[in-house]
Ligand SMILES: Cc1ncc(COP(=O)(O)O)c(C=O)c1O
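Here's a solo chain for you in structure tokens, the form predicted alone.
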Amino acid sequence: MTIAKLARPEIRALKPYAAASQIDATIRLNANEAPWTSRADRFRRPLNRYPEIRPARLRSALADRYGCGEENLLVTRGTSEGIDLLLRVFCRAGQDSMLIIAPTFSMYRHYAAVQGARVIEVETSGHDDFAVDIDALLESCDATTRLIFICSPNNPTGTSMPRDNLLRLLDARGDRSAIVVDEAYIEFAGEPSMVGLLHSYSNLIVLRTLSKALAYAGARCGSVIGPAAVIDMLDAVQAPYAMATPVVECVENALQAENLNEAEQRVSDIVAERDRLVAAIDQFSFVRKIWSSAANFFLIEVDNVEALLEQCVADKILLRYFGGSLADCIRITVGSTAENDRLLQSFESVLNTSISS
């Protein structure tokens, strides 16, 4: 039995939108398109025509990159759309629930609220490096828990869930929950993707993105990778022509071998820069703790978070503050060497101000 049975009954019965036929070398008078191109149109595929209902060449390239079958992958407008689609497919409003750890990526909760799905949270603590208690997680599930989202490496903590824990979770929940592993930052972790286990676990779904390691956040291109039956249902729910022609073409360019090789080197550079920046920030007396990170960011705890944020704003540097259980913490994204040096100067200013006062 597969997790497809967990989907909403009306979604399981849903048929994809029947769009106008798209056949090369034909006169297209069937889709209410304009017969001329704009003089601003500079793309390989003319913009007066709708894009492919689903971008076949891009889907193939992404499947090749991630090591899965094309039937196991849906191209989405970032992983955020993938999260939204999953909640709409699996969770009945007012009846079903999803489970997340806390703190984690806030969009899981956001799309659950949009869908009317109940959210179950399993708290983690910085005192034990945000380790996830798998026993507590499993005990928190109930008969309504359709989705479990695991961001690994986790945003905003930077911590990864050990593979053994992920396997235990997959085994324990079986066909009662879909386990969604969000690997937005996996390239920075030096760890193997869970995609390789897709054929061993029918309840596994993986999210991937080009926003981080490939520096294509502005293109909004992600992937949902999972059982073919689940991908088919997501496909039926996703809007037709979801991926705009300019996005498809620029991402196809990004997936060329020379660009992937460059991205791989850039990832190595970011990891090295992350380690340098962490080591430098750790020397400041007002920094209480820096958590180990497997991503392109890291989380720190400081004595006077307001003073540090105010100084950085004055120096035109933006950091991420969350509040709540992370009230004394700041998430820092690793920038270029020059940008990171400017950040260290801001830290120096905070230190000098505290000493003089």
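All values derive from a computational prediction rather than experimental measurement. Residue positions are given as counts along the sequence shown, with the first one as 1.
Below, we refer to the form predicted in complex with the ligand, which is not included among the displayed structures.
This chain is drawn without the ligand; in the model of the complex, the residue among N72, S97, S193, S211 with a heavy atom within 4.5 Å of it is S211.
Exactly one listed residue, out of R274, R88, R220, R173, brings a non-hydrogen atom to within 4.5 Å of the ligand in the model of the complex: R220.
For N203, no non-hydrogen atom is located within 4.5 Å of the ligand in the model of the complex, even though that partner is not displayed. Contact annotation: N155 falls within 4.5 Å of the ligand in the model of the complex, judged by heavy atom distances. Mapping the unseen interface onto this chain, G78 counts among the residues with a heavy atom inside 4.5 Å of the ligand in the model of the complex. The ligand is not shown here, and in the model of the complex it never comes within 4.5 Å of any heavy atom of F130.
Within 4.5 Å of the ligand in the model of the complex, a heavy atom is found for all three of F105, Y108 and C151.
Of the candidate stretches 133-141, 236-244, 266-274, 176-184, only 176-184 contains residues with a heavy atom within 4.5 Å of the ligand in the model of the complex.
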